[in-house]
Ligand SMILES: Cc1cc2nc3c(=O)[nH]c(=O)nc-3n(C[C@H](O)[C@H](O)[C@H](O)COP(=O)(O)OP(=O)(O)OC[C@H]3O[C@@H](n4cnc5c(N)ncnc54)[C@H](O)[C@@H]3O)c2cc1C
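There is one chain below, alone, in structure tokens, taken in the form predicted on its own.
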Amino acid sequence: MAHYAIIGAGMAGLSALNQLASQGHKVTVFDKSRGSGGRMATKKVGAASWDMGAQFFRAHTEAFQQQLEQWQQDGIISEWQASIWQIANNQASPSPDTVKRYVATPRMTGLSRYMLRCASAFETESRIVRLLKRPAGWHLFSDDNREFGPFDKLIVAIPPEQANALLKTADDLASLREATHVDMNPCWTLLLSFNQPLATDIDAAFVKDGPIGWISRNNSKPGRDAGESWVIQANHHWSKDHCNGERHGLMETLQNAFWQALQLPPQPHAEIWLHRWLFSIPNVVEQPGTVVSNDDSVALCGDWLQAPNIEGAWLSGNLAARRLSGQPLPQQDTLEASL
């Protein structure tokens, strides 16, 4: 069996890990952060906590639906039976969709930790900045001058701009860099907590006006802390226009839009946090699923190669692992780039 390295412990990288481990391969996972999950992230400030990235999972394909059902049987995810609304022209109405939405418990990072259980090693706080192919295999170098390897094969599961910079360090991978010319949208995310519940029937809403695209009551999700906490995600157009904006002004604008969306008078918050996802979702996706080097030793994967959601990342990682390991490729359903 081969020894693989996976750079990036978000959903794409973890999906690849699980596929390779199921075949008996040895897999070492690297991530620049202190933990796993990528955009399946959780933030804790004081007594409050929030799912600050991906808000839920849903399935468009039979393959991912089966995976969700398995995770649910394993007790890792639960259905989020929320009251979902739409807000447009300052009017709120219940969403007509019947989509089943799932969340990991007790927080989104619960799923990433579960998926990591089959890794041979997990190297946290390891920002890989250089790749070198030697006769024995691939060697990886971190920004603090550590060297890892050799590895037989390599999966790069990070945003395209970061992947492009890394691929530049290896002449053998010039052909892969063309696939990384993808425009990624930023997303400003405001996190609020309150000492008392807000007087609204809305658990979550797609917002069509102003700077906000999505709001959700985080404590309405199963397994979450009971304290009143809300996630406010700006839409991508506004986030791009204000990507380098002054934080205090951005926080004030998003708070005002939040109260307007809920049609409530402003109330004092207990905790507040503003986060910028610089690489949130791709602007346009060509959907090759994965791209593999000429010698079949390196593959790229991520939602930016499949569809801009958790399902897209999972499908892409699974496909990259199958391509590199020579496993039969699944017949994948068409995955629409929708919520």
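Every value quoted in this text rests on a predicted model; they were computed, and no experiment measured them. Residues carry their position along the shown sequence, with the first being 1.
Heads up, the form predicted in complex with the ligand isn't pictured, but that's what we're talking about next.
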Inset, instruction - Quick one: find which of 255-263, 239-247, 173-181, 156-164 has residues within 4.5 Å of the ligand in the predicted complex by heavy atom distance. - result: 156-164
Legend entry - Distance check, residue 233 to the ligand in the predicted complex, heavy atom within 4.5 Å: yes
Inset, instruction - May I ask you to state whether residue 313 is within 4.5 Å of the ligand in the predicted complex, using heavy atom distances? - result: yes
Legend entry - in the predicted complex, residue 290 touching the ligand (heavy atom, 4.5 Å): no
Inset, instruction - Consider residue 146 of the chain shown here, and say whether it contacts the ligand in the predicted complex, taking contact as heavy atoms within 4.5 Å. - result: no
Inset, instruction - Work out which of 52, 27, 298, 48 lies within 4.5 Å of the ligand in the predicted complex, going by heavy atoms. - result: 52
Legend entry - Stretch 124-154 - residues with a heavy atom within 4.5 Å of the ligand in the predicted complex: 126, 127, 128
